[in-house]
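For reference, the chain that follows is the form predicted on its own, supplied as structure tokens.
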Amino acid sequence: MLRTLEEFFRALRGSGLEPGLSECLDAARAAGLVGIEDRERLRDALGSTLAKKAADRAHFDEVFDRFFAFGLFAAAGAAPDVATVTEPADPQQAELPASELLRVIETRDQASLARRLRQAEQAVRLDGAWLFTQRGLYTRRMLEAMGTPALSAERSELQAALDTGRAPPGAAQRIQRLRRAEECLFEEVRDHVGRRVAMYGGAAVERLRDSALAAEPLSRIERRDFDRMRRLVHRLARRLAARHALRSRRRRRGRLDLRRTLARNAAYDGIPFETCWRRRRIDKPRLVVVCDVSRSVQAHARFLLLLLYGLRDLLPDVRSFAFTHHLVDVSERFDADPPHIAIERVLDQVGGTGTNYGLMLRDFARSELPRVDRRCAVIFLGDARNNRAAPETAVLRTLYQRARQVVWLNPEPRSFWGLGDSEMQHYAPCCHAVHECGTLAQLERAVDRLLHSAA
């Protein structure tokens, strides 16, 4: 029973639910109190200790049904109950004599098969499987643990005897029965292993896919992965917000004023019952984001804006501009629509080809540069490929002198900067920082540095 519970906890973790050690101990005690004979009582006992939220409870119920489901030969009758399949298992008993295994398969004895399947599962440590490529390996091991080699051996002996003319009466029919039993058991065990692997390895596979996607160049992200990327970006925004919120709280609280604290607590023999803090006025940072939304940079602009607007708690004052040629203020779109919808509309409205950074900088100098002061940080996102137009670096140099910081995020590898029509060699000296941001992981590091320097 305890081992079954341990595997159930592992299945919950593999499916994305993360019960802690104390919850698992409570669940084991609850299961010991209610017993395993009544499936619904066991479900309620485990669910009340392992699922803390309503959403978690629905998740728990789904995993519980899948874990304790042994729907072998489902058409033959009702599935065995929990007590049948969680009884103390001796892995050595999983293997049956050939005649007994043949009888169990032919009569479709679900309870007996489920019990043997459970024992074989524990014998081969199926809970260690998490990749679908392991399904064949574990299926073979499970079949061996259940005794199918005995079926094969008997079938081979009968076939050899039949070939030499010394077979007993009914040998041909017996061979057919053995072959059908092997095929039937193989299909059932293979499907069972597939369901178990999906349950144990679901969360690990999802994490693996997320890691691969975070390291994938943003320009290669396919549309079918956009929803997953949005979830990744939201998770990334929450992580950055949590990381920098503590620093923000410390900054708001100020530093301990030792002299005033000692003076105020003189009546308590210097024991600091009351603390005094030095506070300084905090200027809320303003952020201006200028994104190249031409086709080669659209994907990077999409996820950068999604990330920045996911950090509204840390960056409440964000103004956004998009350009291919002329600068377009798109901030109002983000006030009216959710970020992921606003971004798509901006890309449809402003996106195009033939980027002209010089024209954009002249527009910026005319409309936005007078508003830039030392509270303002400006982020440029683009590959700096100016199609041989005038780079207008003087505007960027003036901005460098007026702004708190100017950051350039370039999606191209550093080795490409300055090659061909790239103006990065002229723009980089006019920025406080330049970062490569070809992947989501690089984008995270760049925004993390930005938040750190803004503190």
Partner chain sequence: MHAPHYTAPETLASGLAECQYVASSRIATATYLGLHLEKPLLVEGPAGVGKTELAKALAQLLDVPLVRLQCYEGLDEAKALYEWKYSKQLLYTQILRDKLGELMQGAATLVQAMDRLHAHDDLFYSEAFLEPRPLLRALREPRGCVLLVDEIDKADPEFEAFLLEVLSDYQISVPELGTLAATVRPLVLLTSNGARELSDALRRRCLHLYIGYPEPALERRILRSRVPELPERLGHRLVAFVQALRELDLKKLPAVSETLDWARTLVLLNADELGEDLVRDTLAALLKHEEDVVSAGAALPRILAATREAGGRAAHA
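Because the structure is a prediction, the values reported are computed rather than measured. Residue numbers count along the first chain shown, from 1.
Unshown form predicted in complex with its partner chain; subsequent notes refer to it.
Asks: Under a 4.5 angstroms heavy atom criterion, identify the one residue in K53, R66, R39, R388 near its partner chain in the predicted bound form.
Replies: None of the others qualify; the residue that does is K53.
Asks: Let me know the one among S422, Q405, T393, T49 whose heavy atoms come within 4.5 Å of its partner chain in the predicted bound form, would you?
Replies: Looking at S422, Q405, T393, T49 one by one, just T49 meets the 4.5 Å heavy-atom criterion.
Asks: Answer yes if any heavy atom of L399 is within 4.5 Å of a heavy atom of its partner chain in the predicted bound form; otherwise answer no.
Replies: Answer no; every heavy atom of L399 is more than 4.5 Å from its partner chain in the predicted bound form.
Asks: Hey, in the predicted bound form, is A266 touching its partner chain, heavy atoms inside 4.5 Å?
Replies: Close contact is absent here: in the predicted bound form, A266 is far from its partner chain, nothing within 4.5 Å, heavy atoms only.
Asks: Hey, in the predicted bound form, is E23 touching its partner chain, heavy atoms inside 4.5 Å?
Replies: Yes, E23 is a contact residue.
Asks: I'd like to know if R57 sits close to its partner chain in the predicted bound form, meaning any non-hydrogen atom pair within 4.5 angstroms.
Replies: Judged by the heavy-atom cut-off of 4.5 Å, R57 is in contact with its partner chain in the predicted bound form.
Asks: Using a 4.5 Å heavy atom cut-off, which stretch among 187-195, 271-279, 357-365, 160-168 contacts its partner chain in the predicted bound form?
Replies: It is the stretch 271-279.
Asks: Under the 4.5 Å heavy atom criterion, name the residues of 366-399 that approach its partner chain in the predicted bound form, in sequence order.
Replies: Contacting residues: none.
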